[in-house]
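Before any questions on binding or motion, here is one chain by itself as structure tokens, the form predicted on its own.
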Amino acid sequence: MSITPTQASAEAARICEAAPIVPVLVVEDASRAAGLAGALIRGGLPALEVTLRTPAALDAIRAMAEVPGGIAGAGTLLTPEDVIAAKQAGAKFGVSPGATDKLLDAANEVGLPMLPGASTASEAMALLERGYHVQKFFPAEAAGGAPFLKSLASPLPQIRFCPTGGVSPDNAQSYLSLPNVICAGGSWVAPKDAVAQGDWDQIETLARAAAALPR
């Protein structure tokens, strides 16, 4: 079922509002996906962005989509084919580092809510013109960080951002305290070694700390 950009943004906002941090996950072994999702969800982070950077990513999304209480999503969507594959795997939302007309049209056609990326005022305005009121700010630190986002709040108050890229426990609060930030994306809640070892207690602890960040 197709959706409009306005509907997509409304659903993206609902998902982003579920917790202050959206885990950005690179899953190498799909057999770890359900355990990883469970730990993050128990820790209070239900929205899960699995990046399409590994051969296991789509299988990981399929596994996470079956975990109660979670909202499995797909990141690093670059092409219409990525969008279709993510939707078929069970993704409830998509994230892209940037945005193209073909990518957004494909997402709307298959009914996948998108969090499209922008890193300049012009890109943000172009997405707003299309109806996207919630956007990813990427790469956050390299593109100007919290000071840059703060400077956009007055001229573009209609847009809320999910900064991703270089966000860490040390600087997350500088983003989350901004009026135009709805949540932030971070990978620190799922350290590679902890995932490989199945240390779900450590990941749940990290998730709880992230979920408690004020915004």
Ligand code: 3PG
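Keep in mind that this is a model prediction, so the values were computed, not measured. Position 1 is the first residue in the sequence shown; the rest follow in order.
We do not show the form predicted together with ligand 3PG, though everything after this point is about it.
Looking at 167, 27, 61, 181 here, can you tell me which has any non-hydrogen atom within 4.5 angstroms of ligand 3PG in the predicted bound form? Contact check passes for 167.
Is it true that 6, 93 and 160 each have at least one non-hydrogen atom within 4.5 Å of ligand 3PG in the predicted bound form? No: no residue has a heavy atom within 4.5 Å of the partner.
Which of 151-159, 38-46, 182-190, 66-74 has heavy atoms within 4.5 Å of ligand 3PG in the predicted bound form? Stretch with heavy atoms near the partner: 182-190.
Where, within 47-83, is there a heavy atom within 4.5 Å of ligand 3PG in the predicted bound form? Residue list please. Just 53.
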